[in-house]
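Next comes just one chain, in structure tokens: the form predicted alone.
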């Protein structure tokens, strides 16, 4: 049986982030800054030590630097993500100190001091192969009175279906992946039409969503394996057991779509 914690079992997230990084522009940077401010507040990063777990493209670490972080430590298990983050921070850097490390979330408490004012992990911990353990390891890096900001897939009735699809997509060939993306985009376009939304406008404005890009996110969604999900009450019980209290959250409402669960966003403060 494959070890789901091992990078060899994972979708190649880093290749997708490397391609995406070439699209980073002022608009995407601004959207990323806005997304971080929404989660942490205008002064939530100012003069704080910031740990980015699963840094991907490095865009959000850069946003933290722009918001005045004192120091950034950006980590990822994927070597391509580490290289991309180093490239993005070197290109757009602000002169503030930063470090990029290739390391698993499961090894963080053995390698770094648990004294970060902000620990941030957006859409990552549900892809680690052991989500609850990963949440606990990430939470252990937060300093007393510090913030833990993260986003996780919402549990839905379709999670079993998507887990099987993602396992297949992550290991299949490029041609099959391309066909799967084309089918997904067609269905998404149809869904927009049925619900009275403009697909063209949705795609054109997609960069407002934390600076992301629609087709890269489709590839990420279809291939995002390992895959786990969790409900807001489950998150709250777990974080409270780890010594945190809820600061704010942004959870999805309305009907669950068969085309994807989306992420709920949480910010918890460490009390002990």
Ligand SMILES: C[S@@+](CC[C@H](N)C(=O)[O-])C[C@H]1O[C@@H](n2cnc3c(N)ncnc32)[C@H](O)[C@@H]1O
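The model shown is predicted, which means the values in this text are computed figures rather than measured ones. Positions refer to the first chain, counted from 1.
Not pictured, yet referred to below: the form predicted together with the named molecule.
- Contact annotation: the named molecule lies within 4.5 Å of heavy atoms from the stretch 122-130 in the predicted complex, the single such stretch among 122-130, 160-168, 140-148, 187-195.
- In the predicted complex, the named molecule lies within 4.5 Å of some heavy atom of residue 78.
- By the criterion of a heavy atom within 4.5 Å, residue 212 is counted among the residues contacting the named molecule in the predicted complex.
- The named molecule is not drawn, but in the predicted complex it has a heavy atom within 4.5 Å of residue 105.
- Residue 44 falls outside the set of residues with a heavy atom inside 4.5 Å of the named molecule in the predicted complex.
- Along 11-38, a non-hydrogen atom within 4.5 Å of the named molecule in the predicted complex is carried by 13, 17, in order along the sequence.
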